[in-house]
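Take a look at this single chain, the form predicted alone, given in structure tokens.
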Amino acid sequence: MKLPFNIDLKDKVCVVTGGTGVLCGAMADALAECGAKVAILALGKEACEAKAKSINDNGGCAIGIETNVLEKESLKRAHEIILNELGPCDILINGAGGNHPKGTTTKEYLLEEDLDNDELTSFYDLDPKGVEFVFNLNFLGTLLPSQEFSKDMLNRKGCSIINISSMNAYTPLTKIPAYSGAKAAVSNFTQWLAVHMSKVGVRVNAIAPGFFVTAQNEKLLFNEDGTPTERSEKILNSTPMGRFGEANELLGTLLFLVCEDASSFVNGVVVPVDGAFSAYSGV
């Protein structure tokens, strides 16, 4: 039996926020390889342009635009450039996100004897501004681009939004309450927006990566000598496949979700790609 679909994104316009990072950069490469015209949106003009050049040098079509996903005017300017140079957006990947030290506790557990230690950040020391930054970057950084670029998608075939959630949305990790809460909000928003957009032909889904090594978390996962940290060992012991994921292992899920022929009735789901981390009880 011949499959009724292939991953052909020729002439599709894909906008990837956070597209200069390890994971979303790999997604941008894959979308371009399937024929899409890709717009890389991120902070840092040089990084955006370098990523776009890399795609173009490999036979793809891409532009890089320095954009702040928390500023509506910045998103509007980027949108105008994309419309002029590539056309209306068909696929939006909301990949911008991250954490902040001021939304993070030093220790996993609250101990009363630590409360007077000024060198530690306890639950009571969490900075509202740090927590606000994390929620804004992850949640508003998903909502605002969706508001801007979904305008192009209404009642057009093959249009969808892919949000990037996290394992933290399933089970909150210790130390990072702000990030965990923000990613839970992204998963909830994915379901809400899928329902809200269901009558105008825009599908909305999310990917929840397990543990992947990125520039943002590398120092948390590995010591200077390259050995895994204590936290890293906990992660690996709780991942039945016993290793970190590779960026290319997200691409099959991504391409399935953006391919209208393959996933036309898939809407409002959050797909874990995590080596069975979310399925493991620890026993």
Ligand SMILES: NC(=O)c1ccc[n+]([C@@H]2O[C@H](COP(=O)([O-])OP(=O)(O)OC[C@H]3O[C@@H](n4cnc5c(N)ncnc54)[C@H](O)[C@@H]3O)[C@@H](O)[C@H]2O)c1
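Predicted model only: the values in this text are computed from it and were never measured. For every residue, the number given is its place in the sequence shown, counted from 1.
Only in words, not in the display: the form predicted in complex with the named molecule, which the text now covers.
- Residue contact with the named molecule in the model of the complex: C24 places a heavy atom within 4.5 Å of it.
- Interface membership of N217, defined by any non-hydrogen atom within 4.5 Å of the named molecule in the model of the complex, is confirmed.
- Although the partner is absent from this view, A96 contacts the named molecule in the model of the complex, with a non-hydrogen atom inside 4.5 angstroms.
- Using a 4.5 Å cutoff between non-hydrogen atoms, L31 does not count as a contact of the named molecule in the model of the complex.
- The candidate site formed by N68, I164 and Y179 is fully in contact with the named molecule in the model of the complex, as each residue has a non-hydrogen atom within 4.5 angstroms of it.
- Heavy atoms within 4.5 Å of the named molecule in the model of the complex belong, among the stretches 123-131, 147-155, 203-211, 101-109, to residues of 203-211.
- Shown without its partner, this chain lists M241, L43, C61, A50 as candidates; in the model of the complex, only L43 has a non-hydrogen atom within 4.5 angstroms of the named molecule.
- Taking a 4.5 Å heavy atom cutoff to the named molecule in the model of the complex, the one contacting residue in 138-155 is N138.
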